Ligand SMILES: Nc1ncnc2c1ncn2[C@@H]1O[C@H](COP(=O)(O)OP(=O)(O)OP(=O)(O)O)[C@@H](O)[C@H]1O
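Heads up, the chain below is alone and in the form predicted on its own; it's given as structure tokens.
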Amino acid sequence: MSLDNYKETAKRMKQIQEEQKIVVQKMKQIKYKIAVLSGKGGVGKSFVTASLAAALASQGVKVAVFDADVHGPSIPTMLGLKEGIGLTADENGIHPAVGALGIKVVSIGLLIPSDSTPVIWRGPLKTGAIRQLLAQVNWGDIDYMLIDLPPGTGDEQLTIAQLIPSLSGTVIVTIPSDVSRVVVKKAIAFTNRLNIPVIGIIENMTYFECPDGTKHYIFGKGAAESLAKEFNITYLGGIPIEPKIRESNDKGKVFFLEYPDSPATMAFLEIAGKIRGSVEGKQ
């Protein structure tokens, strides 16, 4: 390595260390930080994150969502942020976009030109982007930050765990299928290995209820509750399948607000209450 390259590397390492210190200080100002994991894709994790954020905000607490899903950022759409609404910046740093119910949102999806623009980044670029956003964003007064993570246990998950050592815990999202059950065990093992508490498991797509009241357990039954018992963690609740969920997400509408009396909305309100009882009770 040449002397110039060494100096550049040393400069970059110093900058990274400074950013990490800033992140730690900023995160201290946020009361509760909760990472939402799925382990497996296709289980509706981002919808669960957005709906939990809405449920918490409806209960009078100040909420932010950090969308750490670099390659598939869908939080802005699910929280009703229309095209053209993005992050703003001034001499004091970056300011989050504000979605439904006053929820503050930071996402790579608010920085790229359009929904169809791919983010073609390797691990170091993703790690750097997450670290810089957390360091440069002025979150303001926040009670709950939900961190929407991509599926798996890789770069983004490790970055968040290392940058935010004061995580209140993780919420793990699954569906009732056996395939999802196997992958969720890895997500639980991941959090345990990093000594992060698991707040509980949410089962999405638990059942479909026909107009005559008959419930059909399309993806199986009881998997999340069984996992909760196996690992001695809390089963937070199940979210039914509702066609209106897909319709709302496709239109960029907030399901929680569009259908306040739906069974899924009622479930999210109950789950939000359980999460608050868990993390606030540990203070």
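Start at 1 and count along the sequence shown; that's the residue number. These figures come from a predicted structure and were not determined experimentally.
Just so it is clear, the following notes concern the form predicted together with the named molecule, a form of the same protein that is not shown.
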| item | value |
| --- | --- |
| Contact test, all of Asn204, Pro240 and Ile245, partner the named molecule in the predicted bound form, heavy atom 4.5 Å | yes |
| Options 54 to 62, 24 to 32, 246 to 254, 228 to 236; stretch whose heavy atom lies within 4.5 Å of the named molecule in the predicted bound form | 246 to 254 |
| Gly80, Pro96, Pro151, Gly169 - the one with a heavy atom within 4.5 Å of the named molecule in the predicted bound form | Pro151 |
| 4.5 angstroms heavy atom contact with the named molecule in the predicted bound form for Ser74 | yes |
| Exercise: Phe47 in contact with the named molecule in the predicted bound form, heavy atom 4.5 Å | yes |
| In the predicted bound form, Gly220 touching the named molecule (heavy atom, 4.5 Å) | no |
| Contact of Val43 with the named molecule in the predicted bound form (heavy atom, 4.5 Å) | yes |
